[in-house]
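The data below hold one chain only, encoded as C-alpha cells and taken in the form predicted alone.
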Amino acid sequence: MNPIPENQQQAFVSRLMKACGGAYSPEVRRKYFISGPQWAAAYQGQALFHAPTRPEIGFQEIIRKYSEIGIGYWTTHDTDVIPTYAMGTDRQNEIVAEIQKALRDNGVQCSMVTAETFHHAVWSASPAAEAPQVREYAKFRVCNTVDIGHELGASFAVYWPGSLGYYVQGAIDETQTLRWYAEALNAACDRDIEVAQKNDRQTLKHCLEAKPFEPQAEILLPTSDAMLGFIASGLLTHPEMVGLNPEYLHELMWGAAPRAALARALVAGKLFHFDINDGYRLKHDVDIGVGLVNPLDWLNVLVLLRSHAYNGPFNLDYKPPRTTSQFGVFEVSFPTAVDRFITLWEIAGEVMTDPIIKEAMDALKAGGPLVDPRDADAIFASNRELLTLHELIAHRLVQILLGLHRGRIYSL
C-alpha cells in the first residue's frame, strides 16, 4: 500500500468504518440509557507518563457530537465545565445557562453530575482532611454540585472518594476520617431534599464510586463492598438516598469479578448507576472501550443486569486511546463503543431466551433423584452427571457470542 496523504487520512478512516458495518443509527442508539461523559470526550491523551495528543474541546462541541452519534445523555464533573474559582458565583450561573442551551439545542439531557474532590491541591489530604476549613469547603462543593444537578435536570450525583486515604502509616485516624466524609454526604443529601422540595422535583440518587488504587497509597473505601458497608454503618443520615456507581474496570483492577460485585449491589438494592469500560485485572486504570478486552465477561454482566431488570444509566467512562485523533474520537471511539454495548445487550437477551441454556439451568435446579438427605455420597452421585451442565452452559454462551449457534463454522 502506498503512503496515505495527510489530507486523505480522515476519509480513509471513514471508509474503513463504513466497511466494518454493524453500526446502529443514531435513532436506535438513543433508545438505550447510554450517557457520554464530558471528561471522556475532552480527554487529551495525557497521563503521568503521557503528553497530550489531542487539542482541547469544549462542552458545546462535545454535546453536539454526542447528539449526532445518538448518545442522548451527557454527564460531567463540576470542574470539567466550571473553573474552581468560579464555583458558586455569577460566572457559574452563566456557564450553566450555556450548558442548558447546548443541551436544549441538541436534544440531549444531563443525566448525572459529579463533584471533583481529588484533583485540586485543596484535596491533597482528602475532602475529609483534619483541617475544618477543608471539610467545610468539601460540603460547599458537593452541595453546589447538587444545585447544578437540579438546574441541569440530572437524576444522579456521583462521588468518587479517590483521595480519601493516606500515603504513610499512622498519619490519620481512619474511623474519624470516615465520619468526616459522611458529614459531607449528609450535607449533600440535606441540600438535595431542600432544593427538590423548592423546585417540585425528585431528589437525586447519590452514588458512591469505588476504586482500589490511586491516587492515595491506601484508599479507605476501595471497593463496592466497602462502600456497601459504609452506607449501612449508621454514619449517613439518609442512607436510603445513597447507593453505588460501580465501574466495571475498578472492580476488575483488584482481581474481583465485576459481575459478582454487581450482584451484591443488586441484592442490597443499591445499584443506582453503572460506569462501563474495559481493561485488565491487576493493572492500572486504562479505561478501554467496553467489550474490547473481555467481551464474554461483558455478555455475562449484561445477562445479570437484564435478568434483574436494571434500568439505570450506562455511563461511557473510558478514555479513547492517545493514538486516536480528535476526529477519530467521534468517528470511531464513541460510535463503536455504543454499538458494541447495544449488540452485547441484545445478545444477552438472546441468552436469556435460549432453550438449551434454560433447559440446562432448570435441570440443575431440579437436581437428580431424591436420596437420603444425610448421605453425602448418595447426594453427590445423584447429581454428578448434571454438574457437567455448568461447562455446557459456558460453551453455549460462547456459541451465542460468536454466532456458532446460528451455524457459523469454518470448513478446513
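Position 1 is the first residue in the sequence shown; the rest follow in order. Remember, it's a predicted structure, so these values are computed and weren't measured experimentally.
We do not show the form predicted together with 3-O-methylfructose in linear form, though everything after this point is about it.
S.K.: Using a 4.5 Å cut on heavy atoms, which of R191, K211, K205, H150 is close to 3-O-methylfructose in linear form in the predicted complex?
M.R.: None of the others qualify; the residue that does is K211.
S.K.: Exactly one residue in W160, F314, W180, Y310 has a non-hydrogen atom within 4.5 Å of 3-O-methylfructose in linear form in the predicted complex; which is it?
M.R.: None of the others qualify; the residue that does is W160.
S.K.: Answer with yes or no whether F341 is in contact with 3-O-methylfructose in linear form in the predicted complex, where contact means some heavy atom within 4.5 Å.
M.R.: Result no; F341 lies far from 3-O-methylfructose in linear form in the predicted complex.
S.K.: State yes or no: in the predicted complex, is some non-hydrogen atom of H77 no more than 4.5 angstroms from a non-hydrogen atom of 3-O-methylfructose in linear form?
M.R.: It does: once 3-O-methylfructose in linear form is placed as it appears in the predicted complex, H77 has a heavy atom within 4.5 Å of it.
S.K.: Applying a 4.5 Å heavy atom distance criterion, does W345 contact 3-O-methylfructose in linear form in the predicted complex?
M.R.: Because no heavy atom of W345 falls inside 4.5 Å of 3-O-methylfructose in linear form in the predicted complex, the answer is no.
S.K.: Classify F118 as contacting or not contacting 3-O-methylfructose in linear form in the predicted complex by the rule of any non-hydrogen atom within 4.5 angstroms, answering yes or no.
M.R.: Result yes; F118 sits at the interface with 3-O-methylfructose in linear form in the predicted complex.
S.K.: Report the stretch among 264 to 272, 141 to 149, 243 to 251, 124 to 132 that approaches 3-O-methylfructose in linear form in the predicted complex to within 4.5 Å, counting heavy atoms only.
M.R.: Selected stretch: 243 to 251.
S.K.: Within 30 to 56, which residues come within 4.5 Å of 3-O-methylfructose in linear form in the predicted complex, counting heavy atoms only?
M.R.: Sequence-ordered list has one entry, W39.
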